[in-house]
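The data below hold one chain only, encoded as structure tokens and taken in the form predicted alone.
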């Protein structure tokens, strides 16, 4: 592994394809100043999420795990006119920082932050009978990924894209004997996807400024 090289390549692509963005830079600065963990996606990965949402023609996006609102802004900029992003955050402090960051980016009317445990928030959305989502991004506590998937399917429609982030766990996802509950949560998540006939999926390993990881990309077929 060569973290220095991976970071340099990410920086090269970021400079090549992503012009300077004050709103996103402000999110990172505010999040760091508040002591939030640096778990936000890399800039080029944020742009990937935006492009996937735009290719999808997404009008409604569900994000599981808000943190400081960095990826939320990428999603909010991708939705069609009159679209919305519902994002779920368990930590009230993080939610307050994200609210500030999103408002400063001029996207407060597009984003709805729901505070509480993500699984409870998802189940409330199911109970309310909200319209299904076009994109569902799972980036919260990994042991709960299997529950997130099961409930997310109730909020999907044929064609919905489900993205699971941080699934490689530095390669430990391939280790069935690993005792890390995060790894086991991801493995169960992948097992459920593989057994679900409505889903067509793949996974991609990535290296970059955020280290060695990857994502699962699934599409609801029917």
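Numbering follows the first chain given and starts at 1. Here the structure is a predicted model, which is why all the values come from computation and not from measurement.
As for the form predicted in complex with 3,4-dihydroxybenzoic acid, it is not shown, yet the points below apply to it.
task = Have a look at 134-142, 103-111, 117-125, 70-78 and name the one stretch with heavy atoms inside 4.5 Å of 3,4-dihydroxybenzoic acid in the predicted bound form.
result = So the stretch in question is 134-142.
task = Select from the listed residues 184, 31, 166, 156 the one whose heavy atoms reach within 4.5 Å of 3,4-dihydroxybenzoic acid in the predicted bound form.
result = Looking at 184, 31, 166, 156 one by one, just 166 meets the 4.5 Å heavy-atom criterion.
key: Exercise: residue 59 in contact with 3,4-dihydroxybenzoic acid in the predicted bound form, heavy atom 4.5 Å   = Although 3,4-dihydroxybenzoic acid is absent here, residue 59 would stay clear of it in the predicted bound form, with no heavy atoms inside 4.5 Å.
Touches 3,4-dihydroxybenzoic acid in the predicted bound form: residue 39 (any heavy atom, 4.5 Å) = Contact with 3,4-dihydroxybenzoic acid, yes.
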